[in-house]
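Only one chain is included here, represented as structure tokens and corresponding to the form predicted on its own.
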């Protein structure tokens, strides 16, 4: 099976080949280097006039891309490390996401900002964060995260074809992961249902009579899947996973149906625990409930600390399969009031 990186590279190659409006911008994306994580490798050789290396200025990269989008092009801007998308926040939040509304729908900003997020590579506090939560809920901006179950090429193609800006989050550890195939390997015993749309959500379960629901996205699906297998084989606890591709705007319906069956929800993401994606998801579920006593909830996320270079400390700070399993077991046995925990 192809890897996530190969599919992203294919999507960019196909977009450049089929649409002359598509341009790529970013630091060190020209061959032979091909970008820090090699997603753009080979593209500047095949399309030298539309792959543009830039100075080290994230604000300038996205600012120029905004202007290109306003003039009818479809720019794809790469921010080398997601930690530095904060330097382009003004261009994303106050410009790209707002222009359509400020100018009475007379302009659109078909911009994609691709960026790798996440830790587990020992890069330390300023190159290992998952900062996507800072951009969730920004009106006019979609936030999308690929995974190994859906095809990342389809997600990226949909983002490039969109007429409004998309922040496209790629976890570093996903790049070398092969895509999964239904009925094969870890998925051989799992039923899979997919909610439609350009950025679909997937439901994975062993049986319709599951004990709890795990909601997650991106790389943490790898951990959640292993936890679900451990829960089944070692503890006889049936967990189902709702895997999201679109993080914002957030569609609660695929998850709500699952939680209404299981009565227990565990959210898993790599952003810091406080005021994170999991907290918002749980709030949405609670708001839609007519009987709060039916639901028990918990969260697994990064500790509210900078991410360390040391592997031992980094492992302690970030979510893991073991932490997900432990939280799920506690949630399964929960009989009191709703429960939230940091892990």
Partner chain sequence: MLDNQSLYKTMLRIRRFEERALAEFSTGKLFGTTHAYIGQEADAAGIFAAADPGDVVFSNHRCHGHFIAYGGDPYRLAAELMGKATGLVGGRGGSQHIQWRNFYSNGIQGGIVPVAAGMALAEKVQNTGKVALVFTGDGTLGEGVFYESLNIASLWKLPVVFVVENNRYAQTTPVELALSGSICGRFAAFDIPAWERDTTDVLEVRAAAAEAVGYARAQTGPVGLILRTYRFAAHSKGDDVRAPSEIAAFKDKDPLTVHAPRLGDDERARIEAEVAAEIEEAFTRAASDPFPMMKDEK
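Residue numbers count along the first chain shown, from 1. Quick caveat: nothing in here was measured; it's all calculated off a predicted structure.
Quick note: we don't show the form predicted in complex with its partner chain, though the next part is all about it.
Interface residue among 306, 67, 48, 42 relative to its partner chain in the predicted bound form, by the heavy atom within 4.5 Å criterion: 67. For the three marked residues, 63, 94 and 99, a heavy atom of each sits within 4.5 Å of its partner chain in the predicted bound form. Heavy atoms within 4.5 Å of its partner chain in the predicted bound form map, among the stretches 184-192, 147-155, 72-80, 252-260, onto 72-80 alone. In the predicted bound form, residue 23 approaches its partner chain with a heavy atom inside 4.5 Å. Although the partner is absent from this view, residue 313 stays clear of its partner chain in the predicted bound form, with no non-hydrogen atom inside 4.5 angstroms. The closest heavy atom approach of residue 161 to its partner chain in the predicted bound form falls outside 4.5 Å. Remark: residue 283 does not count among the residues lining its partner chain in the predicted bound form, judged by a heavy atom distance of 4.5 Å or less. Applying a 4.5 Å heavy atom cutoff to its partner chain in the predicted bound form picks out 52, 53, 54, 55, 57, 58, 59 from 45-59, in order along the sequence.
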